[in-house]
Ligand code: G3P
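This document opens with one chain alone, in structure tokens, the form predicted alone.
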């Protein structure tokens, strides 16, 4: 077993601050920081005219007052949407942020990112390359190397494109529950150093198999401290959580 270097913390805040703020916003990341978190998972995709922005879904329907596909809208149209009122009145008017703006905040405040490449359908390679190149531009200063993001995706094609564009960034391959039979092969194809799985699917045997293939193990989205501690005892390296108020940040 020859596990790769893993410069990422044991806990990462899911979409900024879990469910305590509107996901994938600067407000969420700031709230995660207020709870002591110095690492955040975010979802990044392309607007119709090529701007990288934070949003999980292919449409704006769930997490803004907009309607329709992200890929069909310009950045100007997306920037005018309210991405906070759906959550609560406290966050009314919160804008959709660009990846660049979020990364600048995180660099200034010592917050490490797990940047999930979340391509709209049919834009897997385009989005993977764009995220990698923008990450490269943002973190090219040697002073920022300690905050180098982990790039992850459910899309093998997106991860391959990210690898080809900026191979210096670590990659993790995301998988849903249950794991596909070829999960190890997909990790190897993407040059991933880690598997990032639904925590419910993990067992000591799966973690051992990952280690045997020189893969680190991360998981999402565990919100129970006792369960997180069990996962760590099994050899999980990083737990991504919504429960920033329950599971304390750990390096």
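Keep in mind the model is a prediction, meaning the values are calculated, not measured. Residue numbers count along the first chain shown, from 1.
The same protein also has a form predicted in complex with this ligand, omitted here; what follows describes it.
Of the heavy atoms in residue 160, none are within 4.5 Å of this ligand in the model of the complex. Interface membership of residue 100, defined by any non-hydrogen atom within 4.5 Å of this ligand in the model of the complex, is ruled out. This ligand in the model of the complex is approached by residue 174, whose closest heavy atom lies within 4.5 angstroms of it.
Within 4.5 Å of some heavy atom of this ligand in the model of the complex lies at least one heavy atom of residue 240.
Only one segment in the set 162-170, 111-119, 75-83, 142-150 has residues whose heavy atoms sit within 4.5 Å of this ligand in the model of the complex; it is 111-119. Only one of the listed residues (200, 69, 56, 30) places a non-hydrogen atom within 4.5 angstroms of this ligand in the model of the complex, and that residue is 56. Applying a 4.5 Å heavy atom cutoff to this ligand in the model of the complex picks out 220 as the lone residue from 203-231.
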